[in-house]
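This document opens with one chain alone, in structure tokens, the form predicted alone.
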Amino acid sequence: MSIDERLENTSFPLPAIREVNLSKHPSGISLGLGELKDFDVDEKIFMSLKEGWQQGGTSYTQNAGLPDLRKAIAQKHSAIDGFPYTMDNIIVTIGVQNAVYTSLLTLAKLGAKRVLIPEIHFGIYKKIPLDFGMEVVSYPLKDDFGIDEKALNGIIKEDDVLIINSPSNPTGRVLSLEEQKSLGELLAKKLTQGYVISDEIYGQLVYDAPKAISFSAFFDRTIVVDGISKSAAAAGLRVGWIITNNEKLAKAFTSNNATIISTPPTANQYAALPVVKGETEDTISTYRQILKANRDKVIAVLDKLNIPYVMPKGSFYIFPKVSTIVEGDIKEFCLNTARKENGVVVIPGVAFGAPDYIRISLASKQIDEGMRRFEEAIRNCLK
């Protein structure tokens, strides 16, 4: 079969998240946001972006990224886990998705065969390794969305790649220090030749638990992927990074990523500097306060409707189980609710491997009216 024939006979569906978001009626309210779009961006980011333009922002940086940014990331992470990182341990990427892609591509080239992902997960964790011909295995979560370590112990092999995400998209679950320590001890015994990829993009958005600690503090063979997209309300700048304590592995990441992106956008990397250096912490603290207040508004409606949920403590999502209330296909419910005049967008859980659930974003200034519309939509389809 020719390329043209395959193209003609192959469908390329949009991810469910995009499909539902694009179905939004002009009068609708979006509670499907995966960014802090409604939040004011710290002025220091704009100032640093402007200064970046004046300091060569239209020229290439090194393939691994702007040295000043990499040094700042290294210094920040050294304070977290005690490892003496330098800029040679850091690779700047175009967002965390690029960071995950490059990490998995590199590990696949080095011989990794299997990737373990949580059974409820962001879609790229599954799609990317499948594109590289890797086997993808889901590991179970407990009822509270924590990692089922007993089940994981029975699944994991010494040379696997394990992906974890805390705070989680879509559940808002934050691994406690005790859970991280216990998981680290398990992996020290079992994962002796493989790696953990720890997605920590929501790490600064913990609003109802102790401050998040990077998993690299609990397990040496951890590759951290992070960035400014979520915590700094700067998703469009697309600045992420990879952190590894293995300089040889960092060189491999840089080599492979240079083939994909050449170099990250220069001026945008300057914009990330005040975030990494902690100069925008007051603004991020305000974000956390708003997200917690919005969460409490959402759970008040869920309680009224008797919809079960696990209390989120970080990120900006809540992941209630609506299958006992919504009749029929939940994705269709979400599409119909989005298309309706004066409707509301929520994301079907099938996008995350959990078709009984929906994801509601807390990142909206219209949370009150959005939840009023959500309650109306639920009552109109009660079983």
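Numbering starts at 1 and runs along the sequence shown. Computed from a predicted model, the values in this text were never measured in an experiment.
There is another form of this protein, the form predicted together with a small molecule, and it is not shown here; the text below is about that form.
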- [ ] Could you tell me which one of G194, G95, P265, G184 places a heavy atom within 4.5 Å of the small molecule in the predicted complex?
- [x] G95
TODO: Note which of Q269, Q204, S229, N257 lies within 4.5 Å of the small molecule in the predicted complex, where distance is taken over heavy atoms; exactly one does.
DONE: S229
Open item on the list: To test your reading of this chain, name the stretch in 74 to 82, 109 to 117, 144 to 152, 122 to 130 whose heavy atoms come within 4.5 Å of the small molecule in the predicted complex.
Closed with: 122 to 130
- [ ] Determine whether any heavy atom of N169 comes within 4.5 Å of a heavy atom of the small molecule in the predicted complex, and answer yes or no.
- [x] yes
Open item on the list: Since only the chain is shown here, I'm wondering whether T244 would be in contact with the small molecule in the predicted complex (any heavy atom pair within 4.5 Å).
Closed with: no
TODO: Report whether the minimum heavy atom distance between R238 and the small molecule in the predicted complex is within 4.5 Å.
DONE: yes
Open item on the list: in the predicted complex, does D160 come within 4.5 Å of the small molecule, counting heavy atoms only?
Closed with: no
